[in-house]
Ligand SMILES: NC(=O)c1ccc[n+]([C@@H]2O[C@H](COP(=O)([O-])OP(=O)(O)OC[C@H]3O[C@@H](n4cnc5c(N)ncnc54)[C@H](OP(=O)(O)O)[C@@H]3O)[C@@H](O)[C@H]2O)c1
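Coming up is one lone chain in structure tokens, specifically the form predicted alone.
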Amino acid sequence: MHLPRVVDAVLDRLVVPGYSRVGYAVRRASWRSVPAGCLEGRTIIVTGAGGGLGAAAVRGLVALGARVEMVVRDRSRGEETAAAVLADHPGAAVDVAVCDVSSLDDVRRYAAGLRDRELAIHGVVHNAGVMPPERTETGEGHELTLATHVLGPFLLTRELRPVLRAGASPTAPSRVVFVSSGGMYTASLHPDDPEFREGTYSGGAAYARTKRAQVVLSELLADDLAGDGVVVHSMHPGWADTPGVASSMPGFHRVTGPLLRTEEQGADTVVWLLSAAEPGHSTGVFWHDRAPRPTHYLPRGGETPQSRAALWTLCVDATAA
């Protein structure tokens, strides 16, 4: 029995029930399971895979038969997580690769190496995330959250375009998924100050801005990759109990602790977007708990064509070799 759409929408708009483990439990009752082994023969890249939602996504993907390459900044942490995954899923195909997604040079290096050793890949999960307490620039001069959430993923997607295209078929498109945040609803694009150089810097505000940018970027990339057999989606996981939330938002974590989802519950829609048939028939959609969601709650909240074009131009210009 499917959850009535009006009930689902009310849960979503009320935030607390919809984003918490309550919303997950209510919606899950109406979901269909994806077929066992449906990802066998498919290779998927997951960034930020050393812990939290990334590690949970890896566990969910290998359980369905996928071969997963875990992209991490810290190899030792990545190896520990991979060992834990293999303990739960003996015989799973899990590799660990090191790349700092905030470094455009490192993204190019990693992508070139992957293209050399892989004929095709079938999915990319952009999950790497940061929330610095003060404004920080990368070695290439970009604000850290912008580089990690927007510029690095944009570059990685375009650098992997040939192998994503090679992995696509008419009945099974390759898939790119951006792990955004419900916090993006509180932010808008800032085409005049994308590097957050003006005003008082806030890690939370920078996070929300760049998570908004991820959702718009997924729509733009969906159009750009439409002819290559690649679909692009974004999603938000709700409120999940991850190490990142505990360290970056201790007050929020303390107050909402009993309501927080598990990491697996937060990553469920990521795994579903890579494995289920339905999201393969659309592109450029924003999802939460396996259902499309509006990207704005107010009728006039949408981005202008000019601000969308400015985001694309920023990404192209910033990542030009």
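All of these numbers come straight from a predicted model, not from anything done at the bench. One rule holds for the numbers: they count along the sequence shown, beginning at 1.
Note that the form predicted in complex with the ligand isn't included here; everything after this is about it.
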Partner contact for residue 191 in the model of the complex: the ligand, 4.5 angstroms, heavy atom: no
The ligand contact at residue 238 in the model of the complex, heavy atom, 4.5 Å: yes
Residue contact check: residue 51 to the ligand in the model of the complex, 4.5 Å heavy atom: yes
4.5 Å heavy atom contact, residue 162 and the ligand in the model of the complex: no
77, 89, 109, 135 - the one with a heavy atom within 4.5 Å of the ligand in the model of the complex: 77
Position in contact with the ligand when the complex is considered in the model of the complex, options 232, 124, 101, 213, heavy atoms within 4.5 Å: 101
In the model of the complex, segment of 154-162, 124-132, 221-229, 109-117 with a heavy atom within 4.5 Å of the ligand: 124-132
Within 4.5 Å of the ligand in the model of the complex: residues from 140-179 (heavy atom criterion): 148, 179
